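Form predicted alone, single chain, as structure tokens, below.
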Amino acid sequence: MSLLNTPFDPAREAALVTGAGNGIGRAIAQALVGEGVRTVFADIREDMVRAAIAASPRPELAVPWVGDLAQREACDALLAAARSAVGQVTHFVHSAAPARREADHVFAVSDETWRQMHAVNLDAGFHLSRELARQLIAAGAPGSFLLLTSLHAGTPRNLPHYSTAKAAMAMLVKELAKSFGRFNIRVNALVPGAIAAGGFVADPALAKHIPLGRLGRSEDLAPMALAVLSNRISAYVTGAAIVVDGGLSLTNWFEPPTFEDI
């Protein structure tokens, strides 16, 4: 039997995905239920959560949850709801993030917008990861966590609230991986490039800066996410940042060479 045919053990594993109502989070949550994994779809809008579940390959394995993860009480409510619905959460994906507006540059971003971005990305990511790890450690069970960061964790984006939140998450992944590793809980980052999803509307002209010649789609992230989440495929991978960007980070915005003599 091929190892890749059975990346998960649905009898013992269950997942929680934040930001599962749209974009990358939705694609990953749908892929997890497609592999037979009971999965909590968490997001801030009920209509989007319901639509994401309805479009899933196995909606009977999906559990909806709606709330604002900028609020600590909502994070605790999500943990309780997940435990009640699917039992021990072994796989956690943190993809939730407020919408980004290009107008929110360094001189325009409000205190509330700054707070919300950090609260949902960083604060919720840390709190949920730590509490889920406590449960796994108490049960003596392995786990796998995946936090969505960004290429702009290392390069400016003209959106300081977004870039700084993602940069902090990139270091959080390393801190958690180092602390949780002794308990067989792996923590990794998935680093998307220009993905036309989740409220991000990219100029099609951006494709000329991408070696693979096109903008990314949410579905481009899901197979890699599942591979990294799988304790069978990626058992020795932790603290890593897996870049899925079509090569965008290689270009540094310069035009590619012409290669006229090929």
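Numbers follow the displayed sequence, beginning with 1. Computed from a prediction, not measured in an experiment: that's the story for all the values here.
Another form exists, predicted together with a small molecule; not displayed. Remarks below refer to it.
Participant: Determine which one of 84-92, 125-133, 161-169, 175-183 lies within 4.5 Å of the small molecule in the model of the complex, judging by heavy atom distances; exactly one does.
Facilitator: After filtering at 4.5 Å, what remains is 161-169.
Participant: Of the options Ile210, Met224, Ile195, Leu61, which one has a non-hydrogen atom that comes within 4.5 Å of the small molecule in the model of the complex?
Facilitator: Selected option: Ile195.
Participant: So, Gln116 and the small molecule: in the model of the complex, are they within 4.5 Å at any heavy atom pair?
Facilitator: Judged by the heavy-atom cut-off of 4.5 Å, Gln116 is in contact with the small molecule in the model of the complex.
Participant: Wondering, does Ala31 line up within 4.5 Å of the small molecule in the model of the complex on heavy atoms?
Facilitator: Result no; Ala31 lies far from the small molecule in the model of the complex.
Participant: Although the partner isn't part of this model, could you tell me whether Arg100 comes within 4.5 Å of the small molecule in the model of the complex, counting any heavy atom of the residue?
Facilitator: Contact check for Arg100: yes, within 4.5 Å of the small molecule in the model of the complex.
Participant: Can Ile24 be called a contact residue for the small molecule in the model of the complex at 4.5 Å between heavy atoms?
Facilitator: Result yes; Ile24 sits at the interface with the small molecule in the model of the complex.
Participant: May I ask whether Met48, Leu69 and Ala96 each come within 4.5 Å of the small molecule in the model of the complex, counting any non-hydrogen atom?
Facilitator: The answer is yes; Met48, Leu69 and Ala96 each reach the small molecule.
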